[in-house]
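Let us start with two forms of the same protein chain, each given on its own as structure tokens and named structure 1 and structure 2.
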Structure 1
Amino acid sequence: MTTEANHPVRTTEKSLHLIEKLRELDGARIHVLEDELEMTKGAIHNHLSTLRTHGYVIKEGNEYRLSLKVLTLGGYVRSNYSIYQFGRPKANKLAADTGMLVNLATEEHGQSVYLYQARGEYAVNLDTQVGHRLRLHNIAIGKAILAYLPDERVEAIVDEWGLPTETENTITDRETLFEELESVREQGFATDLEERTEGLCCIAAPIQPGDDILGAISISAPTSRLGDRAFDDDLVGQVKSTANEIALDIKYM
């Protein structure tokens, strides 16, 4: 899967590098960018002015930074995902019913991308936010997605992103991963037992209205809370049926 343009537009690439760098540095002055990128200050100035004219960049004093235009754009893109449109109200309900943190995510470029979060009364505060991208192998949402992708796709994703260790519970070899995915398919849901974050567990179910997997929904909670309540409240059942409802809404929309 090579995505090299065979006739790349170099000028556009320079602008994109500039955008990346502004993000990385949370804004910067021109002479700083001059050191970071291989461009002269005259060129940087031209690019930044152009991006500014079009509303992508804001200048405060001599500091340039990305504007909220990207947030606006991102909102538009997100609103086209049926899993977001139909999943949002269901995620709200699941959060209200369980009191937990509910996540809605899809797959892009072999990563999970968080589309929405709903917070119940006792929702944990996590490092994950809308737009964040995580690897798929060590989170419940990720494994719920991987389980319903073709094997060769999973192989390619593991090739690209690896199986890096995050906690002592992280799955780090392919064989174990494929066994796990098989058991996800048998059970219809995936779990994350402190595989990415110490003390945090998740339960996820796939959202699959047709042949293709569109994403997954999960609940996250501290290990103690999930352990206590998982069976009493049939949390697994709630997550699975929410995922099913979303899938049905999408299928017959």
Structure 2
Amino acid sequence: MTTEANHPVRTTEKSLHLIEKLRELDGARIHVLEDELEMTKGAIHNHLSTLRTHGYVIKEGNEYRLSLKVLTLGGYVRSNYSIYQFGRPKANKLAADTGMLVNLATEEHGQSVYLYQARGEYAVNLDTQVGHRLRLHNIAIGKAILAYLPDERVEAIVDEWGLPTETENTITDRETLFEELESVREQGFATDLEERTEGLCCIAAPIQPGDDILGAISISAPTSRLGDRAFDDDLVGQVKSTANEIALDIKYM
């Protein structure tokens, strides 16, 4: 979960807010940033100039964008995650075998973070990509992680992020969520039937080489494509088997 700094440095906070806003806007001119942030035009220019000097921002015409140096940092961080190192080839194989979109994700600060995606022949295009963060309660990969966290941690995550409605199938109360998580533990896998995105269903299994949950792997496909196969034993078995293989590789690396 996020923590509050004892003595926050306002200048650092402003630079980080600026970086986040450039990501959110996919680049912007200074006057747009001035409207979006509680900063003067001069302050914004000074922060951008400093970030450009250090290579984190580039300027194209009159518009500022994040540079590929951000990707350098992200790639370094991701490479240190064992579920990415060992999960990538397994995710590729699962995508090839099922033809679906496969995701690897972990949890950070109470949200799911996508570490890798593999695309099969029939993979659907979604609003997610590597590095994308989502709430955990309404996606299969999130529930596969939540189910193996301590109850008090789940409570804290719900306190911070809530259980907002995305579709009519979204779980929006704690009692139902904890019942769902108990089912996930009993079955060894989680499902999402149009709980975040209408027309999409997912199956996920936890990656747990020891006592701690490291993340999860999922497959996603349009409900219309899967039809009655949505959660059949064969598909569930493929996802669970892949998660188990990744966990074993990590445990005995």
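Owing to the predicted nature of the structure, the values given are computational and were not obtained by experimental measurement. Just so we're on the same page, rigid core means the largest C-alpha set that superposes within 1.5 Å between forms. Here, a residue number simply tells you its place in the sequence of structure 1, counted from 1.
Next on the checklist: Quick check on the two chains I just loaded: which one is the form predicted together with a further copy of the same chain, 1 or 2?
Outcome noted: That would be structure 1.
Checklist entry - Any CA movement of 2 Å or more for residue 194 between the two structures, core superposed? => result After core superposition, the displacement of the residue 194 C-alpha between the two structures stays below 2 Å, so no.
Checklist entry - Honestly, after the rigid core fit, is residue 240 moving at least 2 Å at Cα between the two structures? => result Comparing the forms between the two structures, which are aligned on their rigid core, residue 240 does not shift its C-alpha by 2 Å or more.
Checklist entry - Which angle, in degrees, describes the smaller rigid part turning against the larger between the two structures? => result Turning angle of the smaller piece versus the larger: 12 degrees.
Item to check | Distance moved by the residue 39 C-alpha between the two structures (core-aligned, Å) | outcome: Once the two forms are fitted on their core, the shift reads 4.7 Å.
Item to check | Displacement in Å of the C-alpha of residue 27 between the two structures, rigid core kept as reference | outcome: Residue shift at the C-alpha: 3.4 Å.
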